[in-house]
Every structure is written in C-alpha cells, then in structure tokens.
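Let's start with one chain on its own, the form predicted alone, as structure tokens.
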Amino acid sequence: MAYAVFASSIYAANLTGHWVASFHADGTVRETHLYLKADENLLTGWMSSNAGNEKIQDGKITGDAFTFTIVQDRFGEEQRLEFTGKLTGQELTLTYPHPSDRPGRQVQFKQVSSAAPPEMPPNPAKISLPAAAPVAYNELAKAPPMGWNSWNKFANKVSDQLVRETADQMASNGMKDAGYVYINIDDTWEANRDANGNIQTNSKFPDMKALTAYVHSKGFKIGIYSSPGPKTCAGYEGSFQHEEQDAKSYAEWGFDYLKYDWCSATQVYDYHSMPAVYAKMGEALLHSGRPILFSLCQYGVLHVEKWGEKVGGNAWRTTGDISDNWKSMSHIGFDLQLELAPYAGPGHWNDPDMLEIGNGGMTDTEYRTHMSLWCLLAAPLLAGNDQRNMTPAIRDILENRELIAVDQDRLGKQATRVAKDGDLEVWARQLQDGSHAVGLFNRGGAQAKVTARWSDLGISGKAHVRDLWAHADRGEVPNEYSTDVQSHGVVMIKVSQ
C-alpha cells in the first residue's frame, strides 16, 4: 500500500502543469489546453477549448491513469462528460466521450509547463437577442431535399477530390436519376478569414468556385456547412458576426444549400436566443443573391419544430446525431418523431438526421427499415455512404423508386404511428392521390406477424395492396393486411381504393 501511494505521488507530480493539444491541419491551427493540479490521487484544474473554459470535477488518479468530469449546461439541462486519460512518458493521452454510441476520440497532449495552474478565468457574458421578425419563405424544398452529405462516412477527410469523385459516381450509378440532387460538404472545409473578414477555404478545397461549377456541370446542386458560433463542431471557423458576409461568399461561390450547426454558439449566445440567431442567417441567405436552402442543425432543442419555419428554415434536425447501429437509428426514427407530424409540410421538414445506409454498422434488413421509416417521415434523404464503393444491395435500397415516391409525395404529410403491439408497430401517411403508404415494422428479436388494419387508416372494405420492397401487387384485400416480418425488418405497402 505504501508503495502504491508513493508511485501515485510521483505520477501526480509529473501530471501537474499546463498541457496543450495542437491540431495542425488543412491550413488551420486549433488548440485545447489542460491546466492540471495533481495531489496524490486527486486531480483538479480546468480545460480551455472551443467550448470555453470548463472546470474539472471529480478528478481521480489511479496508477498511471486518471479520470475527470466536465459538467456542461446543455440547453438548460446538466450534461456530465466523463473523460479518461493516461500519462506515458512526456505525453498525455486523453479520451473524449462521444455523445452517441461511437467510440471516444483520443487526443495527445504535450506539457508546456510544470507549474501549478492559475485560477480559471470567467467565461464572457452571453449575448441575448430580441425576438426576430419572421423570415420570408424562400420557395425552396417543396419536397424533402435529397442528396449526399460527407460527414457520416468521411468526417474530416472530405476534400475537393472526394466531392468531384462522388459527383461522378452519382451521375452514373443511378442516384441522380433517382432524385438525389444535393452533394453537400460538411465540416472541415474552412480556414481563417482574410484582412477584410472574408471566410477562406483550407488546402483541401483550393478553388470552391471551380468545385461548385464542376458539380453543377454534372447536373447536381451543392451544399456547404457552417455554425452561428465562433467555431464549428470540429473547431474550424464559424460565422459568428459574419452572417451576411458568409452568405454572400456562399452565393458567390455557387452554393445551393447551407447546413447551419449550433455547436460553439452556446458559448456566445444565451440559448433562448436561438430562434433569433438562426433568423439572422435566414435573412442573410435571402439577400445573398442566390437561392440557398436553409437546414437548421440544433438537435431538436427548444421545440424547433414550432419555430424553424419562421426563421427561414427549410428543414430542422429533430434529434442529436445518428450513429450507424440499430439502437441509435430505431430510437431516433421511431421514438423521437412521434409528436412531430403536424409541423412538416412543403417547404419545411422535420429532419431525423442523415442516412447511414451502406456504412456497415447495420444489416441490409435494418437498412431497409431505416429507408422505409425515413420515407414515411417525409424526411430529407441525404445518403452518407461512399458512393465509389456501393454494393448492389445498398444501391437497391437507396434507389428504390417506389419508396422515394412516398418520401417525395407532394401532399407532404408526415406519417404517424397508427398501431403498436409491443415491438410491432404500424406507421402510415396519406398520399396526394388518396392512397396510404404503410410500414409494418418489427422492432423485436424474432420474426413476427404484423397486421395493418384499414380502420386505422380511416378506410373500410376492400383495398388494393402493393408491396413496395417486393415491387409486387398483393391483390384486393378486405379489412386488414397481415404478413410475417423479420426481426428488425419492415414490409412496406401502398394501400389504395
């Protein structure tokens, strides 16, 4: 026991000090600072990053490893983030928690001082904005937007070359013909600003205007990403206090779509000001000189479905980030969309996040459920896979024209759950021609029979049934339709009289 205490004391002495993680990439430099004080098995101090200054709590040292907690105010609710770390020689490895089911991110820190840390300086007071006037409708997104986004598969590896190759593939592999129009660049394209405050691109994107021209020449539209905060989620330059300037840059470059991700805006704005913050960019896009679809990404907080349209939004995220696994996808798609149908319609859509279809974390059966549910929800269909390496099975899922017709139906009526029996659920939406698209879902662990009753759809008597995955007519069926559904699977039908 005495030896353990002695070893911990030596380790603690080495851990105390100022540690820095520097990220040199794409012409930008980003830093996170740790100011640590270790006393035998106790660890105190603070962290400084894009998220501001945050106090370390519950810090403990065990041998050459340590843990601590950062407590954040996430839109009025306390969020506890558990960090783990290890000291090896002169390098400290810190594992960041991931907010979803993905593995944590490891970051290496180097010591720049062994002195005891100073007191944590206070964070600046947050900005409160008055309510904004409603932003005029931009006449875009009459149907849910369809396309591709770089983040789910490529994250910070997106580049000019990747976007061009994706456009080439989608022009020839059937995706464009199926209706996938937008090719969207997510985070990590940004550099800093020039002397006049104009946003610059980093080395991965040497000529944005040439890139947009290339994508347009292939018959697509193209999208870009930013944040209303000083930094984006990945720590790149955001649009804080440059909204009009950035909107004009996007228009001059030739962009058609903006995903606007809250991220570090929490550090500068009172979160109750969120609608007014988004309205600033909504207005800026309207006066940018080019029609630009406005996609709000703020994780569904503050009941965004009730005000997203008023700030110029064409779509708004309803949840946190999706992960490529059944638990995440099914929870987001089934459980978190139940009350949102009244707020969707032409020009303004609920967005349960991008598609994970083809990224490898689910079975093809689960991916068919993913596609079916998103189409019933009238959700944006933004593929997130590698278009250059897509199996025929995944292509068939993403390019199912009968499913896509449901998603794109011009009535724009989002599905609701019309029946539930344990793990068995039936979701349905009315279509413009008076028919109904119906999903018979089995969320359980074994095959089961699922029944869709015509009375739940508001119809009676016989109805014609077509299976949208089998591409087969099932004839005239009285009163109800029952069928066996695989575990985590779906049978998707169109019911018409």
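Everything numeric here is computed off the predicted structure, so don't read it as measured data. In this text, residue numbers run from 1 along the sequence as written.
Here the subject shifts to the form predicted together with alpha-D-galactopyranose (GLA), a form of this protein not shown in this document.
- Interface residue remark: residue 247 is not counted as part of the site for alpha-D-galactopyranose (GLA) in the predicted bound form, having no heavy atom within 4.5 Å.
- The closest heavy atom approach of residue 261 to alpha-D-galactopyranose (GLA) in the predicted bound form falls within 4.5 Å.
- Residue contact check for residue 297: one or more of its heavy atoms lie within 4.5 Å of alpha-D-galactopyranose (GLA) in the predicted bound form.
- For the chain shown alone, residue 354 is a contact residue for alpha-D-galactopyranose (GLA) in the predicted bound form, at least one non-hydrogen atom being within 4.5 angstroms.
- Note on contacts: among 233, 208, 175, 135, the single residue with a heavy atom within 4.5 Å of alpha-D-galactopyranose (GLA) in the predicted bound form is 233.
- Checking 374, 349, 278, 225 for any heavy atom within 4.5 Å of alpha-D-galactopyranose (GLA) in the predicted bound form turns up a single hit: 225.
- The stretch in contact with alpha-D-galactopyranose (GLA) in the predicted bound form, judged by heavy atoms within 4.5 Å, is 180-188, chosen from 108-116, 208-216, 400-408, 180-188.
- Contact check for 151, 317 and 321: all three have a heavy atom within 4.5 Å of alpha-D-galactopyranose (GLA) in the predicted bound form.
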